[in-house]
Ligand SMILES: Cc1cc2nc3c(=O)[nH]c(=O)nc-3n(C[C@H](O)[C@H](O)[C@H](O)COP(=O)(O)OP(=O)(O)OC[C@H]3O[C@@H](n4cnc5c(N)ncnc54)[C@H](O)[C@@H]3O)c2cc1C
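Have a look below at one chain only, the form predicted alone, in structure tokens format.
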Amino acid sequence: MISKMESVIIIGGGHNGLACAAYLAKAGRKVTVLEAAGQVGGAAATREFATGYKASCAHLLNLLDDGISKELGLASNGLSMAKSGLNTIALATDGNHLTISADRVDGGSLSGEDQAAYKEYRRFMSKYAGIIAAMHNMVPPRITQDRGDLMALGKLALKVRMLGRDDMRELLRIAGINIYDVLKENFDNPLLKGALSLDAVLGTFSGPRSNNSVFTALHRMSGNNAGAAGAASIPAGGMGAVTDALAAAAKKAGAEIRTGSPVSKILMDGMQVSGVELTGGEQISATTVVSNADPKTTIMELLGARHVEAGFARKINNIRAKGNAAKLHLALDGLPDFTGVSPDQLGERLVIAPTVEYVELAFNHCKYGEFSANPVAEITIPSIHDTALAPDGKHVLSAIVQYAPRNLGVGWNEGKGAFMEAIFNTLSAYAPDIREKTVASELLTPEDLENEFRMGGGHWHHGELSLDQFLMLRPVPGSAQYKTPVEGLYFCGAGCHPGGGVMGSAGKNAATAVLSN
């Protein structure tokens, strides 16, 4: 049975799909969002992983665009922060930790020289991140003779030039190199270098010595949020509160959201999309289809490579998107005792990355299809700030753990238990009572992320963030302006500019592209 014509169908109710739906509906388009899961949000949905314990696969909010938040009225749709501006506690096994904030770093055996160097590092990295931030909410220009594209490229060049001579030269020097060299040039303290290197590799298939790791560090700091560059927050209700607010905004604007509606096929009428077919066989007609799925899944599976030119299909199929991060949730019957961490510090962002060399060695395993025997981790205990996430007196520990390659040599059915043991061994070095405090656990490997949240390759960003997969090259030349070569088919997910992270910009930009065609 074919239902009545829908103007726009959006595949996937993740944050970008919902943002796109809200903007299109506000512009008067008739919009239907089709989400495969039983709730919206994708990897950002807040879900119960053990009885009474809730967490989100998406971890911290540090990129949500403040302009989008205001334009869509997310606060009036229920979004608030349980804790804003988290400090980073760089954990040391001897309890001599560092506390890193936006403007200073304290603790450990930190020298005055390193304290001053950190302020300078934050100054120039924040300034460079601002260049990327200014591009978040723009449709990337094409390298053509079109006047509008040439003007956009000129404005971008002017922003770089306005950094000033010295900062411009430094940006051009470091943008494509590795964070290891930059940190070695600026700091002496091993713990500080380790913690800062983690920001450059989280969610990537790279180590501190890998090229583009400076770029990924800048991306993490590039959010147009209300706080300092890279400031991380914990939403009340978990990350699902963000997508719930986006869904509410879309519905208020007139969009229809259907959950439990997995799309199996994008339908074609000649060279034009004509709608979608759901897994159950229902067909829904539309002249425009916007996919929040990753580009490879969209083209190679939902559409079919036969509907595009071979060269375009090859580029899409070659997008680098190898997931390398696992997500850990622990249900705790009380607060764990992290050695040397005060009760006030337990609610901050805790990182295990004792040296930059440690992080690099942890990454080395992935090159051979192995998980790290001594992983790195970004840890929070969000229930300290949001008691609704756990039963009274209990707590949730949420952690991103690297390195865990999607294509594990022994397979994740066999390797998952061993990796969990390696994680507990690592955590126990900092919190000796973590095992006895744990009453339930959930470990989501990249394979689990791919299967449960339909992330191709188990990669959060739907593709590595690198200079050759950025701006007008993301996801590939020929579709960097969100429009694919197929008439009426658009991308709006993290595989597009400006990349991953809960910010909503890709969804907004895709809506702009749809409305301009």
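Heads up: residue numbers just count along the shown sequence, starting at 1. Given the structure is predicted, the values throughout are model-derived calculations rather than measurements.
This next part talks about the form predicted in complex with the ligand, which is not shown.
A.B. asks: Counting only heavy atoms and a 4.5 Å cutoff, which of 351-359, 319-327, 170-178, 93-101 contacts the ligand in the model of the complex?
C.D. replies: Correct option: 319-327.
A.B. asks: To verify the annotation, which of these, 34, 465, 68, 489, has a non-hydrogen atom within 4.5 Å of the ligand in the model of the complex?
C.D. replies: Flagged contact: 34.
A.B. asks: Of 89, 381, 218, 400, which residue is found within 4.5 angstroms of the ligand in the model of the complex when only non-hydrogen atoms are counted?
C.D. replies: By the 4.5 Å heavy-atom cutoff, the listed residue in contact is 400.
A.B. asks: Suppose contact means a heavy atom within 4.5 Å; in the model of the complex, does that hold for all of 21, 497 and 511 with the ligand?
C.D. replies: Checking in the model of the complex: none of 21, 497 and 511 is within 4.5 Å of the ligand.
A.B. asks: Classify residue 53 as contacting or not contacting the ligand in the model of the complex by the rule of any non-hydrogen atom within 4.5 angstroms, answering yes or no.
C.D. replies: No - in the model of the complex, heavy atoms of residue 53 and the ligand never come within 4.5 Å of each other.
A.B. asks: Could you confirm whether residue 475 comes within 4.5 Å of the ligand in the model of the complex, counting heavy atoms only?
C.D. replies: Taking the distances in the model of the complex, the answer for residue 475 is no, it never comes within 4.5 Å of the ligand.
A.B. asks: Within 4.5 Å, heavy atoms only: does residue 482 come near the ligand in the model of the complex?
C.D. replies: The answer is no: residue 482 has no heavy atom within 4.5 Å of the ligand.
A.B. asks: Is residue 262 one of the residues lying within 4.5 Å of the ligand in the model of the complex, judged by heavy atom distances?
C.D. replies: Result yes; residue 262 sits at the interface with the ligand in the model of the complex.
A.B. asks: Taking the ligand as it sits in the model of the complex, which residues of 463-483 have a non-hydrogen atom within 4.5 Å of it? Please list them.
C.D. replies: Read in sequence order, no residue approaches the ligand (within 4.5 Å, in the model of the complex).
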